[in-house]
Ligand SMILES: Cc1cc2nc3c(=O)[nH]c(=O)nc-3n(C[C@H](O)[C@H](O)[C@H](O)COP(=O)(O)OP(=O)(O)OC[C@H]3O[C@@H](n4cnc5c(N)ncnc54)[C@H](O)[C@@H]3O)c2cc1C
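Shown here is one chain on its own, the form predicted on its own, set out as structure tokens.
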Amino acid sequence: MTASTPMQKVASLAGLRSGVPTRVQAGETAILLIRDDDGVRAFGADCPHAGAPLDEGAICHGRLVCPWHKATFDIRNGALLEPPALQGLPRYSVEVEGDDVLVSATADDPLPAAQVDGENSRKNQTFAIVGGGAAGAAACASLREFGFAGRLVLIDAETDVPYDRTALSKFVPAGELKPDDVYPLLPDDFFGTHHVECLRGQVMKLDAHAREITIDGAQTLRYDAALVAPGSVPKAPNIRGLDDPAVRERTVMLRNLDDARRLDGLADKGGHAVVIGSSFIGLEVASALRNRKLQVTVVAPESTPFAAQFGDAIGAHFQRLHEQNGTTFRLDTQVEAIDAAGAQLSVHLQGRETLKCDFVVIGTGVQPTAEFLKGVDRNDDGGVDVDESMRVADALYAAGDIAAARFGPGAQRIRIEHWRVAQQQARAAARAMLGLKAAQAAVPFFWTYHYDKQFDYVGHVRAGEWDQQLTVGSLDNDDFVTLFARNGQVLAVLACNRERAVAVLAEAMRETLSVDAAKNLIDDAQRDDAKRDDG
């Protein structure tokens, strides 16, 4: 901002509550005001990830938490602290004259890259990022944010520009977003402005001992440090007929934009879709196709969807939600064969039932893609073990679906196939690649979308690992917070329509959180929402 930029009155100081973000307008610019003991600060009012209104978020321990997907920002300067946003908030100058709060509608200069010493800037080194998904994009942004000044190379077989894959199962099948309009994870000019080389090609081998990456069998790249974040590929179930070209033509395993284009084209024709698998991807696609008015049948071996994640009661709630919106289930069974029958497919189930449909979507889980890694041990499921810094071996790090990490002291290593976890791990790896001090441990967060309802999940636990399950609010009205706890300590939280409570709980779960303390936080958030609704 220049000295001549005019300031505009946007609020009265007395009208700003300490610790409560407030949205105002400076001309056509939406601005978020935050008041605390140090004064008033002004930032962009919407989250740079997906445009969520940050005034509906929460402030906890000096952190502003986005209400939708829990990106967090430093309230002192708007700097990014947690993804899925990959850049900080625009900052605006503020002046207080008596009771008048004045701001500029012109953003201040962006925060400079972190100041690191010459050694940590690694200006003569080459860092390689394998995989252009959520983790790869987060790693590129984080390395430049943290001050890496060397050569940075992003390698991906699919695309030159990382995009938001979560839209592929939520908004594209619903017809709300065309595949070619799926939003990028970073601004169009990011890679040029920040001197990131994007190589489109298949990594054939990464030799951890030689520190070499072979691309498409010919090009070789030597690295000083590398992050592998290739993601996963869908698991193909053992079903007779899947190798028939006529069946494959109308069968989709949703992974990338090309798959989304095929699914969009099939859904455009309408008809009946059979979804194989009651995974998050499977049921998100089922919901999306029902929103598009297609007939949908879900076939799965489980007796209740999501029971392994949330228990039978909440799993049954998800099933009812789908059935109330017209989805049909065939549970406790599996698909044995698919064959092309004229203009339709015949899906043969155990027990001799046959479903006639127009196309099939397979959502039976994924498996990591790590066959190219040489010189490191891989686990039976294809993943690799990482330490707290995401290190696999000397100068080699991993993030995302491939990384088996510990989520908490003494916990067993597990792979969490969640989009935001991949980004959190990539930021941790970027710090370690630069020799920087580790940030505070991140809490896993995941969201899933069904019939215009977002369900937020914080932490990680599976059925049988908790001894207490407490729901505050109403499952029937999809307005609730459910706590999963062991020995009185909260392990995970599932919620719907309680964005502010989830934001507060996500921050509180960075430390040990008791059930009683969690209930108090939920009540406080509810009271705060009521006050805001009352003006």
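Only a predicted model underlies this, so the values are computations on that prediction, with no experimental measurement involved. Quick note: we count residues from 1 along the sequence shown, nothing fancier.
There is another form of the same protein, the form predicted together with the named molecule; it is not shown, and what comes next is about it.
The named molecule in the model of the complex comes within 4.5 Å of a heavy atom belonging to S169. In the model of the complex, the named molecule lies within 4.5 Å of some heavy atom of F446. Proximity of D456 to the named molecule in the model of the complex falls outside the 4.5 Å heavy atom cutoff. When the named molecule is considered in the model of the complex, A430 lies well away from it, no heavy atom lying within 4.5 Å. Looking at the named molecule in the model of the complex, residues G132, A229 and F372 each place a heavy atom within 4.5 Å of it. For the residues A128, V252, A141, A422, the 4.5 Å heavy atom test against the named molecule in the model of the complex is passed only by A422. For the candidate set Q202, N325, S346, T220, a heavy atom within 4.5 Å of the named molecule in the model of the complex is found for exactly one residue, namely Q202. Residues placing heavy atoms within 4.5 Å of the named molecule in the model of the complex fall in a single listed stretch, namely 412-420, out of 348-356, 412-420, 383-391, 295-303.
Along 269-286, these residues reach a heavy atom to within 4.5 Å of the named molecule in the model of the complex: I281, E284.
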